[in-house]
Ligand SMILES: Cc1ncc(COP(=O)(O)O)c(C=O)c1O
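Just the one chain here, the form predicted alone, laid out as C-alpha cells.
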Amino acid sequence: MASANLPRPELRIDMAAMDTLLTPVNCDGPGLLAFPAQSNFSGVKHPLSLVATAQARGWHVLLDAAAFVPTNRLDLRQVRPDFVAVSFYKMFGYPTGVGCLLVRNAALKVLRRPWFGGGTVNFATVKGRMHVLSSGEAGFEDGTLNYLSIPAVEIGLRHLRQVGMETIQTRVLCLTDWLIKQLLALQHRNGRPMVRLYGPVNMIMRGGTVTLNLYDPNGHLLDYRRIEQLAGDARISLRTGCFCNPGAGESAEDLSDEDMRAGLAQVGAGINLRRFMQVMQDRSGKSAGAIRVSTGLASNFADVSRFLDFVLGFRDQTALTLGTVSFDIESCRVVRDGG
C-alpha cells in the first residue's frame, strides 16, 4: 500500500508522483485507488480525471464523495468510478444519519468476501461449516438497515433539487472566500499573523472547508483543544483534531517519518494523542491537529462573521492567558476547565 504526496502549502495531490504510483498493475490482480473528490481536511478538490487515468491502467477506483456532493454536482455518467462513498447526513443533515456505497455491477462481481454478518446470507450451517452469501449488494449489507431514516433521503434530495446545487455552490464560494481573506488579514498588535491556514488561500478548485491553527504574539501555537472548548462556551460548533484524516494532517504540519518514530520511541506502547502532541510540541513546535470550520447549505453571513469575531478575541492572547484544559488520558476528551 502506498499514499500520494500532498505538497504544502496547498496540499494538492502531487500529480507527477501519482503518475508514478499508477503504473499498470501486475498480473496478481487489479489495484485499488482510493481518493477524495474533496478533502475533508483542506477543502481541496482533487481532479476527477484521476478516475479514468487509473482505470485505463488497470486499477479499480473508490471515489470518496462525502465532502464533495453536499455542494457540488457529481455526474456519474461522466465520471465513472467503480465505487462511490456518499454521506446523506453531510448533504442535508439530521435526521438522516445514513450514507451509501454505490458500486458498479461489474466491480461488484470481482469482490470476494470470506466472512459474513447478519442478514447477508441465504444459508448458513454450523455443522456443515459453510455459508452461502446473498447475491449482489445484499451480500455486503451487514445487519438491519436504518430503515426509519431512509425516507428522509428522498425528502432531502428533493429539497436540494428545489434549492439548486448551483445556488448552494455560489453561496459556499462567496462565504468561504470572504472568511479566508479576513482570517489571513488578522494580526496581533506586534504585526505577527494570528492564523495559519492549511490548503488553498483562494477558491480555485477548493470547497467550503477551512482548516487553521491560531498562534500567539510570540508565534507559539495555541492549543486547538482549548480553542474548541472556548468556542463551545460561545455556542459555536467547531471540529478539531485530524478529522479522521491523519495523512493530510501530517502533510500539513510537515510531520515526517522521523517525527513519528521519535514520538513512538519516547512514549512507546502507552502513546495516545495527548502524549504525541506534547512530544511534537517539545520536539519541533509542530501541531498534531487543527481547527476546522465548514460552510454549506445552511450557512449564512452571520455565521462566518460571528466566527471571525470569535477569532478576533484571541488577538494578543498567549497560552498562559487562555488557560489550559484537562483530559481523560485514554480518550483525550476534555473533562474540565483548568484555566
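Source: prediction; values computed, not measured. When you see a residue number, it is the position in the sequence shown, counting from 1.
The protein also exists as the form predicted together with this ligand; that form is not presented, and the subsequent description refers to it.
Participant: Based on heavy atom distances of 4.5 Å or less, which listed stretch (165 to 173, 211 to 219, 81 to 89, 224 to 232) is in contact with this ligand in the model of the complex?
Facilitator: Heavy atoms within 4.5 Å of this ligand in the model of the complex occur in 81 to 89.
Participant: Is there any non-hydrogen atom of Asp64 lying within 4.5 Å of this ligand in the model of the complex?
Facilitator: Although this ligand is absent here, Asp64 would touch it in the model of the complex, with heavy atoms inside 4.5 Å.
Participant: Verify the contact flag for Ser287: yes if a non-hydrogen atom of it lies within 4.5 Å of a non-hydrogen atom of this ligand in the model of the complex, no if not.
Facilitator: Contact with this ligand, no.
Participant: Under a 4.5 Å heavy atom criterion, is Thr295 part of the interface with this ligand in the model of the complex?
Facilitator: Looking in the model of the complex, residue contacts with this ligand do not include Thr295, since no heavy atom lies within 4.5 Å.
Participant: Can you name the residues of 38 to 64 that have a heavy atom within 4.5 Å of this ligand in the model of the complex?
Facilitator: Heavy-atom contacts to this ligand in the model of the complex: Gln38, Asn40, Asp64.
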